[in-house]
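Have a look below at one chain only, the form predicted alone, in structure tokens format.
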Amino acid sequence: MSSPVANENFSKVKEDWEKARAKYVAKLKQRENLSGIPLKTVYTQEDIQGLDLATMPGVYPYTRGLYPDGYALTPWMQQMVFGYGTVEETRKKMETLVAQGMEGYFGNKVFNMVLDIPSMYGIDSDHPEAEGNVGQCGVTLCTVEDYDDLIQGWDLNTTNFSLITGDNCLPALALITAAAIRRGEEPGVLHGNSMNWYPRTAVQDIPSWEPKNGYLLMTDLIRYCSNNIPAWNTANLFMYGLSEAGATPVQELAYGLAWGKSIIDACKERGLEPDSFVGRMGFQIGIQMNFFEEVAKLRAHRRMWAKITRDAGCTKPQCMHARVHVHTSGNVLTAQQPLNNTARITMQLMAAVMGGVQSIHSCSYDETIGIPTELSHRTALRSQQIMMWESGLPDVADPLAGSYYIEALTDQMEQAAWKIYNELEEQGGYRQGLADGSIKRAIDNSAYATKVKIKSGKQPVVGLNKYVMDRKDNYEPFKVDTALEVKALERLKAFKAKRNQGDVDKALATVKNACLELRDGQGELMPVLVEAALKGATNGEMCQVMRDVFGWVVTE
């Protein structure tokens, strides 16, 4: 606490400060951050009065970070998103990224692969609706042989496979599990991450499962992994998706945490104990353009999740840890003067590192134009590595702690997020908000308000509404190889020709029965999907059976 003498001195200094600005203070415009929180031009000790700042990194509620010494033991995981063509092209990219130094904790291999659109939505490359999209915005992975090749040569004990799937989340996990078994390994050796992000339909108008069945499928995957693949991360809470849809940073916090709470509730309803699964849930968070707001958001996020999980019944510290993968936000990048985006991405990286996250994907500067080129993708990775080894930013845990501004803002962000979170919980929680569309409406309104600010120039965007140039910069975009689709089709055709169709048909019939039982709240689906994958059932075939039973709708 400040002494009376110190308080007296501060009062005198503050008087002098007020005199120094008296001539122009009336001309100053009120500023606010992207969440609409009013900002002062100067913060003082008065702004942190009443706040509990007696905290340390690695100690509940983890405001200052999950680990006692921050990045001192090991830096964050560099998890660049990639995936293109067939598994052969993607294997080459995996090897390139390893050669370029992309690595996870303690130097282990980490791969963050995005599947192509047909695979994500559960149709194979030979489906008529897949034409023109196979392997274009991700890798096409249809069969257990594709996954055999994906994991070939990598040490499954130390290699992390993050599978960016859509609603084929369960079949994709079944296929990689089957590939591990075919290699002679136990499923439990696998390390990686399933997206399991059905609740993103709250903000995305995309085909997905009937709402009540989406949560059944999520919990089935979590149950299977808890019992069979304990090191597999089972749910990626897609706050990044909320942010990209237009949520303010405070809304991203509130709705993302409510999303997490809804999964905990759903798993408890299925008889799972929180300590058995919550520790394998993680967050994917976007980083927008207000540096201090983003750092404060990450600090408030850890504190809020610690309280939510403890209130839910967690007792293990790791179950109260908000583990965060940051995907620097793509919606703030511009197609105009694209090299300007390197400055934006660098600032986002700084916020993520000073916010103490566990894993980062840094966007490439040309993502608003098309698929990143080899140069832009490597530059994005190098940006992380420069931050990691040259900047000094990772040397100290939570280096902004104690700042009047950052402590006051952390508290304001938390209070504003609790208000939205509690209102949603009182109205039935995230699942109800997903069903009645209230979350989507709130985020749509924020997206529209932001668009109006940008179009009016009230929110400056360099190159877009400020410092605009008449001519376009020279840029050579990535060229898609359309021949890869033919290659994918031939690969799938050859696989189907050598499998035992009778075994596949029996396996898919068993999958259907398991789906029917699960829809009635009984049994487990994942073990049956693994058996089907071992018999040769494809991603699309398994998804088709699931769609027939669980329903497939567009949520609006």
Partner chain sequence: MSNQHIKVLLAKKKIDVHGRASKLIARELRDAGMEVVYFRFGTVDDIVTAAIQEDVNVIALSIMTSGHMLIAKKLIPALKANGMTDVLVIIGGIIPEVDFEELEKIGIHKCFISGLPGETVAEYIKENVGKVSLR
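Numbering follows the first chain given and starts at 1. None of these values were measured; they are calculated from a predicted model.
One more form of this protein exists, namely the form predicted together with its partner chain; it is left out here, but the text below deals with it.
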Honest question, do 206, 243 and 367 all end up within 4.5 Å of its partner chain in the model of the complex by heavy atom distance? yes
Only one of 431 to 439, 87 to 95, 229 to 237, 121 to 129 has heavy atoms within 4.5 Å of its partner chain in the model of the complex; I'd like to know which. 121 to 129
Selected contact from 382, 458, 479, 270, since only one has a non-hydrogen atom within 4.5 angstroms of its partner chain in the model of the complex: 479
To verify the annotation, which of these, 213, 340, 412, 133, has a non-hydrogen atom within 4.5 Å of its partner chain in the model of the complex? 133
Residue-level question: is residue 466 within 4.5 Å of its partner chain in the model of the complex, judged on heavy atoms? no
Evaluate residue 389 for contact with its partner chain in the model of the complex, applying a 4.5 angstroms cut-off between non-hydrogen atoms, and reply yes or no. no
Give a yes or no for residue 106: in the model of the complex, does one of its heavy atoms lie within 4.5 Å of a heavy atom belonging to its partner chain? no
Answer yes if any heavy atom of residue 450 is within 4.5 Å of a heavy atom of its partner chain in the model of the complex; otherwise answer no. yes
Which of the residues spanning 328 to 364 lie within 4.5 Å of its partner chain in the model of the complex, based on heavy atoms? 331, 335, 336
